[in-house]
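Next up: a single chain in structure tokens, the form predicted on its own.
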């Protein structure tokens, strides 16, 4: 039953099937004004057309805000400083965008004196958690309306029927009903024909990458420069965060990098298949690790690496604004203070190969690493080192022999 006292709602609006129906449904169910918020985070759509669509569907007002630089600088950068990756494959493109959208929604709700915020995420997915944990962390008193947990629609097929009845234009069809989410970091696909994990994704589905088979026959070299763990220049040219990621996407996508097809574990306990394109992020992470390899202390790196699964899980589950996330980010950032340098990469038909790395803060010393004659490292010192480290192993064996 509709909650009383809801006069104005700020809806995170993408113009897709779920939010298009949600906008109409909110007005019908609550008799309230709906403000549509469209965050430009690099989805590469004509957003003015989305504004017209929202207004035609009944929105009282539409906010369109360019958040591309903020998205990359304040959300992608911190995550990639930590080499975040979920279950070994997913570079968290959607998960990183949700807290930013939610944060801006709360700010707009305050400005507009709105009673509630809303989103179009389903009751089975991760996004509902990411949005709502962020809402509650930023404004504990805000009311939250979740259409998918209230309306009588049981499937996207029923949403399509409703939209057609209401004259809401849609890009999704019953023949090709997979869901697409796009931003500057990635494109994700799920649902519909992809729900069978044995079915290969159709080639015409992909948006920003070519198949490795169709990539150029000639390799390309690139150099990425890092400062404090963040990329600041590509091939010697300094760029803004969003510009740099966009450039990486174009180059890496052209050479067939960044496709991932995985079955992942959602926070709600369901296994779900996701297909992702993250060309720029894939190259970025490889380059970052290459610079780390010569600039990070061994023990700092190993401790940091042990924290990556938990850090990534926090992002995936939606705890961006939690105290534990703040603590983890401080640790990750502290580990990056010496990560300055440049990685040189070769891209070829879906492969990204590190071919060089250099830094004025390098901990790599050729005089120590060389297999040639040197006067720095005394080989005889290794004998005592090995004996001391083997002591507990010898004691353990002797104990077993005595039993």
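Positions refer to the first chain, counted from 1. All of these numbers come straight from a predicted model, not from anything done at the bench.
Keep in mind that the form predicted together with arginine (ARG) is not shown, yet the notes after this line are about it.
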| query | finding |
| --- | --- |
| Joint contact, 127, 188 and 316 to arginine (ARG) in the model of the complex, by non-hydrogen atom at 4.5 Å | yes |
| Interface segment, criterion being heavy atoms within 4.5 Å of arginine (ARG) in the model of the complex, picked from 106-114, 279-287, 180-188, 205-213 | 180-188 |
| Non-hydrogen atom contact residue 95 with arginine (ARG) in the model of the complex at 4.5 angstroms | yes |
| Exercise: residue 264 in contact with arginine (ARG) in the model of the complex, heavy atom 4.5 Å | yes |
| Close approach of residue 162 to arginine (ARG) in the model of the complex, 4.5 Å, heavy atom | no |
| Heavy atom of residue 90 within 4.5 Å of arginine (ARG) in the model of the complex | yes |
| Residues of stretch 40-69 in contact with arginine (ARG) in the model of the complex (4.5 Å, non-hydrogen atom) | none |
